[in-house]
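Shown below, as structure tokens, is a lone chain in the form predicted alone; questions about how it binds or moves come after it.
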């Protein structure tokens, strides 16, 4: 793959935070978190813990020098609890000791007196009690009330989607080093270095310029380190600031699972109306989002849900209401897809329900309503360069839907106890942060006198291959070997005021900023080369394979020689550039605008096989036509499709988050929480690139890849459900995910 990160990972040479060699005086941090989901804090007594062996300090909220607040969108989350705890896992105190063993032992000797309070874990109950993160948000288009009278069929239903554990390989962690004059260096496993920097500044009461946050790479994230890494980095910084010693904080896996937020569970009500020919006329939906105890990123996640109400379809009349409900669970957070998957599952459930009840084929409804150029999304953006139908028709041509459906039907006729199910899943996902101001990035490019190149951006490498893509951009722009290029760590002193590496925009935003920097330097080098080669027209100068060409003819002037000669002429070989996505805006007073630079499309065909006696299923085939644009790195992109697909399948099938009525996480380990493994992988995965797809907003016409493939996993749910229907013709069951083997069995034999 020519991916240096992969090579280092395989050889065990990649450095993560827990691998860093630390000074001998480094303190280790253990976090005491709440044992109750909702309770008053009567007292926290640290006397016994402070006397334990190796303990240097025990810190509570009273030790915070600045503001005890780390909330991002809404200021509703304390760093350390004060008078009340709102979820199991809420940090109460930290112990700083000479070893992690001593720190954890001492944390168990902190005496906390609670006064238990009522606990709410259900979103609908929270809404009924008026426990909301913010007021409901409504997206609306057309005349929904009038539209119902135009429909031949109208159906209503309810949909449930569960949470999902990120299960990144590297748990939440940070190391903070005190520097002179109240300055700090913080190494954090975060997708958002600036958010960490900003929160530390607020909590410690020191300027952001005094805080340097550095990120080399993450051992996975999937959204779980966009906002939630901040808490642990700030705690380590607080310890370093007060003790003036380095502080290391690494959460053990069992604690990481308990104290960190998940994908948001949703409970949703829908109403759908359509004509006899399958055309959808109206769609109304209410989403009850379980935000947990604090806002975190829930408002932004819910907003993206509202943007993806209709998935790949044009529906002229829409009313979507999003309600973010405050419960006594750990604050839920960003997860790959960021609210989009929850919306898409609801609309697909509504279509599937309408198909079963009306007798119109599910695939007929899907295909006949795919959005086309010139049609409006319900949030006011005009559809441009739609590849929804192109992806469907290309998949139809390549994979022969009719023949596969025929094969499935023939198999089911011949087999009584084992059935197959077939489904098609189209995807349409908007690319950009929905808060327009976040769509900005900077890049710093240095060319050194030996011809090597250093590149700094705000992009955080977390296994998705963004460093490889940025290397590809630089190598192609300068026409040099990628071996010359070094991608620096993500650092707030080199790239300030950055946005998170999220929303599938890391390569787009930072890649475009890098292109601008490279273009600036390239213009200077062309001018320098023209001087060296005695030609007045620098447009005659081109670079290829590390040589300078004039009018297509190769010269003796190499890349390295040109760089050295340019340096001697005092030509600037560095460039800092800024990129902001053009043409996007959104007016939240009317919930209309152009929030996305572009959309990514795709279509997946899924076939599953179900053992109807045991309730067990296996995935035969997933075949995908995906809209990559012009891929920057096809192998990286295919890897992202396959990984996203499996994560989506896990969410839809086996990954079940369960809490007790007291708000205690029951699926709290890998013995009680199951994720897809190699044995659950589809026997046949085929990914094809949609031909002739271009994108003016992406570097070299590429398209974002991180999140859209996850939604293909939704199709597996309906394939399993169709297999169940083949066995039990009168099957009636709720639309509830994940569809675990236990649920399959119970619904087949209830």
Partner chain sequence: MKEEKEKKEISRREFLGKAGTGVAGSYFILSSLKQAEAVAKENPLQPPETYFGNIQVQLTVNGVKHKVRVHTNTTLVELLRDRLSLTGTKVVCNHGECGGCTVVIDKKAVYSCQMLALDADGKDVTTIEGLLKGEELHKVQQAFIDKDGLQCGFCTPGQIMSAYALLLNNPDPSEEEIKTAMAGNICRCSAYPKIKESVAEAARLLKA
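Residue numbers count along the first chain shown, from 1. Values in this document were obtained by computation on a predicted structure and should not be read as measured data.
The next section is about a form of this same protein that is not shown, the form predicted together with the partner chain.
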- Of the listed stretches (36 to 44, 693 to 701, 55 to 63, 719 to 727), which one has a non-hydrogen atom within 4.5 Å of the partner chain in the predicted complex? 55 to 63
- Query: Do heavy atoms from each of 6, 18 and 222 fall within 4.5 Å of the partner chain in the predicted complex?
  - Reply: yes
- Message: Counting any non-hydrogen atom inside 4.5 Å, which residue from 77, 394, 165, 348 sits next to the partner chain in the predicted complex?
- Response: 165
- Item | The single option of 540, 488, 531, 642 touching the partner chain in the predicted complex, heavy atom within 4.5 Å | 642
- Query: Can residue 589 be called a contact residue for the partner chain in the predicted complex at 4.5 Å between heavy atoms?
  - Reply: no
- residue 129 near the partner chain in the predicted complex, any heavy atom under 4.5 Å? no
- Tell me, yes or no, whether residue 67 is in contact with the partner chain in the predicted complex, where a contact means a heavy atom of each within 4.5 Å. no
- Proximity of residue 673 to the partner chain in the predicted complex, heavy atoms at 4.5 Å: yes
- Query: Considering only 8 to 25, what residues come within 4.5 Å of the partner chain in the predicted complex, judged by heavy atoms?
  - Reply: 9, 10, 11, 12, 13, 14, 16, 18, 19, 24, 25
